[in-house]
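Starting off, we have a lone chain in the form predicted on its own, written out as structure tokens.
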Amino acid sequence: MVNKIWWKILSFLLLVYTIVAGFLLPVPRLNILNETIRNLYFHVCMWMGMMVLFAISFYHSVKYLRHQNFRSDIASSSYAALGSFFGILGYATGFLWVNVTWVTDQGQSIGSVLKEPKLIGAAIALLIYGAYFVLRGSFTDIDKRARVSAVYNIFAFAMLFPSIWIIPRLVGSLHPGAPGSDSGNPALDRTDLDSTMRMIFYPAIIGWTLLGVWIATLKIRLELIKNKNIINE
């Protein structure tokens, strides 16, 4: 029993530590970012957690295509759902950050912000995963739904990298750290994160990711109970 709950306890403790230390401990005074850099413990960490959850979903899709195990289909869709949820939270916290840094401090218009390649790429990635769930809901045949969903999920995961990480870096961007950006400092640059922030940032990534896995496992268990008859056939 202990072996099954230790990582859940760890997730809880890390998130408590992230929230308390993230708001109370000092942060470096960087140009434009200032106190808003505390959002790093939420915005960036949720994106990191999203990538891990999508990667696990991708793994289960490949596993389903190899073994045709209905449990893998349920696991794949559950992790994709939690990854999408984390992506929405990451997008929302990022948009709040934008309103403080780009709009308030830099005087950028909302129109220019909405054209930002990083935001557009992230929105496209989330819409692709949104289409995944629409696709799943359009099938009544369980086997066909699982096969088509698995193939599409592999495509969706492959599209994450160009839409979020590659294309925005090839064009002009306001996002910190992008080529030609004058909107502040790249939050992940080693010169921007002091030792105190690193002590919070890395545990925060682990804590948020473990929380996502925790919720996904609960969702999987619920789906297995709901589909008990199908699994036992």
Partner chain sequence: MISSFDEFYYFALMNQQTLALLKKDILLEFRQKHTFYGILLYIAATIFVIYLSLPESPDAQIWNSLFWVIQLFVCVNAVAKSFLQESKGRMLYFYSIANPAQFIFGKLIFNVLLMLLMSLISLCLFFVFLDNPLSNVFQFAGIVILGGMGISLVFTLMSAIAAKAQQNAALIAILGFPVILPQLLLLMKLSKVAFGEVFREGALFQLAGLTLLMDILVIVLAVILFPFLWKD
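Definition used throughout: the rigid core is the maximal C-alpha set that superposes within 1.5 Å between two forms. Keep in mind it's a predicted model, so treat the numbers as computed, not measured. Positions refer to the first chain, counted from 1.
The discussion below concerns the form predicted together with the partner chain, not included here.
Contact with the partner chain in the model of the complex, defined as a heavy atom within 4.5 Å, holds for exactly one of V148, I142, V100, A92, namely V148. A residue is said to contact a partner when one of its heavy atoms sits within 4.5 Å of a partner heavy atom; I128 meets this definition for the partner chain in the model of the complex.
At a distance threshold of 4.5 angstroms between non-hydrogen atoms, S163 is in contact with the partner chain in the model of the complex. The closest heavy atom approach of L65 to the partner chain in the model of the complex falls within 4.5 Å. Within this chain, Y152 lines the site of the partner chain in the model of the complex, having a heavy atom no more than 4.5 Å away.
Once the rigid core is used as the reference frame, the Cα position of A75 differs between the shown form and the other one by less than 2 Å. Once both forms are overlaid on the rigid core, the distance between the two CA positions of F85 between the shown form and the other one is under 2 angstroms. Once both forms are overlaid on the rigid core, the distance between the two CA positions of M159 between the shown form and the other one is 2 angstroms or more.
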